[in-house]
Each structure stands twice: as C-alpha cells, then as structure tokens.
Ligand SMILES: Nc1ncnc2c1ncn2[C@@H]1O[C@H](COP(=O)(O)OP(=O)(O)OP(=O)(O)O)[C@@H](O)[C@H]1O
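Quick heads-up: it's one chain on its own, the form predicted alone, in structure tokens.
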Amino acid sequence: MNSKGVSICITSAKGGVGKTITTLNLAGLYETLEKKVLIIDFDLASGGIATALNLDVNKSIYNFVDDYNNNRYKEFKNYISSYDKYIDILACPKDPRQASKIDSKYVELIIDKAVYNYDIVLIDTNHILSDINISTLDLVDKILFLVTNDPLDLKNLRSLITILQDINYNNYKIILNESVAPFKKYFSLYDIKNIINANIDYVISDSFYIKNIDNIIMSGNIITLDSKMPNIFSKDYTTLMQVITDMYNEEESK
C-alpha cells in the first residue's frame, strides 16, 4: 500500500484486563474487512502475541533495533512474522533481557515504517508508563483503554485520564471489559463513569466470557475469525465491529 495506515495502541492502567486477547480480536475483525494488519508487541519483557498465535518467530523488535544500530538493516519485512494472509506480527524479544536494550527513540521509526506498509497497525503494550509506552501514546493515531469493574483498575485509570487531560490528549476511547471477571460487578456503569471522570465508549459484556479461552489460546486461534462468533456472541461481535470501524473511519475522514 502507498497511503498511510491507522495506528492504534491498546493499553490500560492495570494488568490482566484482556489487552492481548482484545488486540487479537480486533486484528481478526480487520481481517474480515480485508485490511492488512500488523500487530506490534511493545510489551517488550513479557509480551504474548506470538505465543498466543503459536508463532515461532525468527526475528523481533530487538533484531530490528540491533541491525539498525549496526548498519545491517535492509527491509522492514525482514523482521515480520506472518500469521495468515492479512495478519502479520512484529514480536517482542524472546529473551526478556533484550528488552532493556531497546531505546524509546526507535518507537517512532518502527511505527513510521509500519503505517506505510499496513492498513492497520495494532500496538499491544503493558500498563507501565515507561519511556517506550509514553512514546507510543504520543505517536499513535488512536488510543484504546481497557478497564474492568475493579476498584484498583478504576482508580488507576482515573489518575491516568487526569494526566492525559492535563496534556490535552483527546484521541482515546475507553472499553469496559466485563468479560474478564463476569462475576465481579462492584459498580454500575453510571458509577464507573463517575469514578473515572470520563465516558465509557464501549462495553464488552459478561456474555463474552469464554470458559475454554485457554484451549483457544493453546490452539493459536483468533476468536473473531471463528465463523460461529457472529451468531454465538452477536451483541459483543457488533460492539467490537463498531470499535474497529470507528477507529478506522475517524482517521480516514481527516
């Protein structure tokens, strides 16, 4: 492709909210729209994208940075692993010790190369406000925050949103993910909005709780690429489809 793609960071204020699974599900839905997708795993020390997809990657972000530093870099595609015709992966390092050797100055370079090679660039991160993650938030077109019905998670997100508002960020949306812990319903949607002092743009319902999610992960499959999903999880399928069309169309209309 010659035009610039859309970059989306999927992040949160706390771990364990379903970022990786959501990233994969969004990638699957973009595939159904025949968009070429790159998933970048910026959870450098403990990322799980390649593992979740059963991909044995040969090169990672670390190899990209190392080659670039030592004048060995040739083409971006040399560091990419393919899942299928539409979804590619730029994996985190296999060895967590390599994560500390990746400087945040390379984030812009990686994202820039990615958006000119793909329709959609999905970036999975951890919840830590590291230099890598801050640089990512600064550079992407869209930010997607996942939050759960958990007191600590909500407090953390409230603090993070306050920071974003202070620096005039307005390119984010918030998803309440009720499928992670469907039996924990401490607060109503009204309460949650008041606690975080922000709107909830989308809700993934507790109906999307999948008992055999471990089996799906072990098989390396993406849930939204299952032909049965639109019927079994019609409400949440519609919600996720709304997410991906909003993210894409808002940028394309600019």
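Quick note: we count residues from 1 along the sequence shown, nothing fancier. Worth saying up front: this structure is predicted, and the values here are computed from it rather than measured.
Although not depicted, the form predicted in complex with this ligand is the subject of the following passage.
Contact between V180 and this ligand in the model of the complex is found at the 4.5 Å heavy atom cutoff.
In the model of the complex, D56 stays away from this ligand, with no heavy atom inside 4.5 Å. A residue is said to contact a partner when one of its heavy atoms sits within 4.5 Å of a partner heavy atom; I217 meets this definition for this ligand in the model of the complex. Though the partner is left out of this view, G16 does reach within 4.5 Å of this ligand in the model of the complex, counting heavy atoms only.
Residue-level contacts in the model of the complex: of F208, F42, Y30, F64, one residue has a heavy atom within 4.5 Å of this ligand, and it is F208. Heavy atoms within 4.5 Å of this ligand in the model of the complex map, among the stretches 77 to 85, 95 to 103, 172 to 180, 108 to 116, onto 172 to 180 alone.
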